[in-house]
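Shown below, as structure tokens, is a lone chain in the form predicted alone; questions about how it binds or moves come after it.
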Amino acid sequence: MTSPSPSCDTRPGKIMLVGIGPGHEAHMTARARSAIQEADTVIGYVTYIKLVADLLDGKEVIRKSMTEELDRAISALDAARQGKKVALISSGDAGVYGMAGPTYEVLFQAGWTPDDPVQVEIVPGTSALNSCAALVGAPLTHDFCAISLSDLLTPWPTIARRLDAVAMADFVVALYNPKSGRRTRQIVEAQRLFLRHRRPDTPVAIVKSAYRRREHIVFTTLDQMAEADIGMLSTVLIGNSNTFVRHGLMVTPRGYANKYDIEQGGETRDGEQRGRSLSTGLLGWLETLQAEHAEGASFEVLAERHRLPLDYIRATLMEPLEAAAPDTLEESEA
């Protein structure tokens, strides 16, 4: 990879790493639009350039193919060294499988620092997982993560370990880059790994081209998902053990039913207190663990019972159980 050559132009340039969201004008932030409008040069993958075509009048436009991410970053730095304002665009968010990371790699290799005359601004956008989730209901209300199935830059064993870990840990998962014309087996392998830990009827939503002209949504299940129409414009949302689909909406409960009896008007359940940790929260669990160990359960048995690492169980039981200060109710908790 060659570094851009500096220019004698003393006017400071700027690189704006712009996340344009799903691509529909209504879901692009005001700052994303203004960043593109104020740019002298706009650089991006050809499909993304088409999505912002109405903002490109009078601008230098540099179109790159799907596999030319580093070339896009190099071109952006080269133009900024010439004193230009550059909008380097990504769909979704520039920092989520977007151009922010590759651009910083190129910048650092070229000797750039935050004190450099070339300024860098990241303009956040709505990522695919947010867009797709909004279209299918509320699948991300509890803990979730994102994993890309693309092995173009990441070794498959690394991807497989991550899939297995999150499947076992019961995360809701958004799969990016699930399938392409040449990469057809990765989604099958992901399904196989998830079925080691999840029920076959686990809800799955597949959203293609969210908020774009050819938007398409399919609800299916884990054991059927590999048979669905999936491509590079698709995002696959796999629910956790509590996720359900009702009236065409995919919802992951936050856990209110663990503490409150919704059918009784939201009254707290026996043994629970509003604004305090669950009886099965950390302190309650530690007390249970200590009691089980005192009754004769070995470290090994407890590790298997609670599906936690043996060394973690051993270290936890070796520490004295301390009384905790009362919990403080926070806005996001109940």
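A residue's number is simply how far along the shown sequence it sits, counting from 1. Note that the coordinates shown come from a computational prediction; the quantities given were computed from them, not determined experimentally.
Quick note: we don't show the form predicted together with a small molecule, though the next part is all about it.
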property: Interface membership of residue 185, the small molecule in the predicted complex, 4.5 Å heavy atom rule; result: no
property: Exercise: residue 240 in contact with the small molecule in the predicted complex, heavy atom 4.5 Å; result: no
property: Residue 78: touches the small molecule in the predicted complex, heavy atom cutoff 4.5 angstroms; result: no
property: Any non-hydrogen atom of residue 232 within 4.5 angstroms of the small molecule in the predicted complex; result: yes
property: 73, 132, 225, 250 - the one with a heavy atom within 4.5 Å of the small molecule in the predicted complex; result: 132
property: The single option of 172, 207, 190, 87 touching the small molecule in the predicted complex, heavy atom within 4.5 Å; result: 207
property: Three-residue site 144, 203 and 254 fully in contact with the small molecule in the predicted complex at 4.5 Å by heavy atom; result: no
property: Stretch in contact in the predicted complex with the small molecule, which is absent here, among 91-99, 154-162, 193-201, 114-122 (heavy atoms within 4.5 Å); result: 91-99
